[in-house]
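We begin with a single chain expressed as structure tokens, specifically the form predicted alone.
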């Protein structure tokens, strides 16, 4: 983001560093009035497309969750960044960022720690703060979770969530009931997440508190496929792993259908959401000539993800990640099923009942108890699990001289005579089966989307010989829809303009009223915050003639009972009847009417 835009963002109330009066704190930003409104509008546009139009459910989970949730999800063990400390000034840095900023390695985050240490030594990299050499310094994993305690004392540890997804996964059994156990179904959430970044940087791009918009789609992996017809013709640049590995590889402009047919995107569900997201990013103001989809390389992709793509935008010559699209298989639900007392499956009804053979065991506890003492119940459970997983183990033991079947519990083996296990194979008629759904996840960063939109919509031009700065924000997401100005605050113009502003607010429009300074200056102020339309109340509005000094706002040719409506980008103006004003501006905001058609 250019320095000019950073200054505009602070001056016009988009965002600023938090707690500046106390020296500030890195990685936290406060959204001002314009920024909060822009952020809300982007979130509402996402909610409209990914929740409402897709027919999904929305939840709002707590930002603090108990430790057990993150033990199950794997965040306590594997949610780390690479930390290197300067031996001179003691400053901590993300080792992969030091590598990326000072070498031609672009995706150092996916490299192992040993390789990062070797690169730091090979290139003789230095501390970004003081210039001291970092070669030979240990690179350590640093867990990004913010820890807290739930209630007094330390007996109930908890964590600020590092992603919003776990709040959906842990509630899956109840959410499946709300969906009547019918797959596929989707659950969305927009909310805050927290990561204790080692070195926050680049304004809103690397922060410690941010907003995510996530969709978790639960599907039957054997039957559910998306209907690609609505997005088949959506075209976007696809930067595949193969192209990234090639010396001269470049993104390819492909339609979603072409990307699937050619195998560039392996999973149709991922392709479906790439199509939806491309249209959505364009809708909120992202310049699609500075946008691409990049496939994760082998070292970046999570072990459970069959395929993963990032949406990326170009800002100041760098490509930044906006969103991730992953096929997470059944990893998340299986983990929570394993660690909790809940069942994370969905009952899948067969078209017709089927008869199947079902291995069962009925262990003789009068034998297991005296033989194995306190481990008897665990042995019985292990026999049941073995019968489900490997019934041949019982058959083979019974057919040989080795009449025992062996189970292992906590590293210790227990041999049980087959005739004491009660092993049998029964024929049962089943009407369905319990399946563990797979998960498709589009996860978008709202703050990064806002940052990109501001950068891509920043414009400088000249109007009537005067330099102008404006934000070409789409009306749907602009912080303010319309500015209302009296030509001057006298002769009843100010009173009429204030009444009109209140009427437009009653129409559901975001309105800024301004009667301070020359009319041109007021236009410029609204241009800088991206207000798409301005309304000027002049003498023609109230049915009077202007005197020679004030007639620029409403002359002899202007119809009484009309106002001037000015469009931001072209600065063109038209007269609109007062009784039509609310409906006209609403239609312009919603895209149902074009300004040039007025």
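Residue numbers count along the first chain shown, from 1. On a predicted model such as this, the values are computed, not experimentally measured, just so you know.
Not on display, but discussed next: the form predicted in complex with ligand GAP.
Would you classify residue 384 as touching ligand GAP in the model of the complex, given a 4.5 Å non-hydrogen atom cut-off?
Residue 384: no contact with ligand GAP in the model of the complex.
I'd like to know whether residue 441 contacts ligand GAP in the model of the complex, with contact meaning heavy atoms within 4.5 angstroms.
Answer yes; at least one heavy atom of residue 441 falls within 4.5 Å of ligand GAP in the model of the complex.
Any chance residue 102 has a heavy atom within 4.5 Å of ligand GAP in the model of the complex?
The answer is no: residue 102 has no heavy atom within 4.5 Å of ligand GAP.
Is residue 328 close enough to touch ligand GAP in the model of the complex, meaning at least one heavy atom pair within 4.5 Å?
Yes, residue 328 sits close enough to ligand GAP in the model of the complex that at least one of its heavy atoms falls within 4.5 Å.
Kindly confirm or deny that 165, 204 and 324 each have some heavy atom within 4.5 angstroms of ligand GAP in the model of the complex.
Checking in the model of the complex: 165, 204 and 324 are all within 4.5 Å of ligand GAP.
Could you tell me which one of 513, 304, 142, 367 places a heavy atom within 4.5 Å of ligand GAP in the model of the complex?
Here the answer is residue option 304.
Among 491, 371, 224, 197, which has any heavy atom within 4.5 Å of ligand GAP in the model of the complex?
Of the candidates 491, 371, 224, 197, 197 is the one lying within 4.5 Å of ligand GAP in the model of the complex.
Can you tell me which of 211 to 219, 464 to 472, 117 to 125, 134 to 142 lies within 4.5 Å of ligand GAP in the model of the complex, counting heavy atoms only?
This holds for exactly one stretch, 211 to 219.
Within 243 to 274, which residues come within 4.5 Å of ligand GAP in the model of the complex, counting heavy atoms only?
Not one residue comes within 4.5 Å of the partner.
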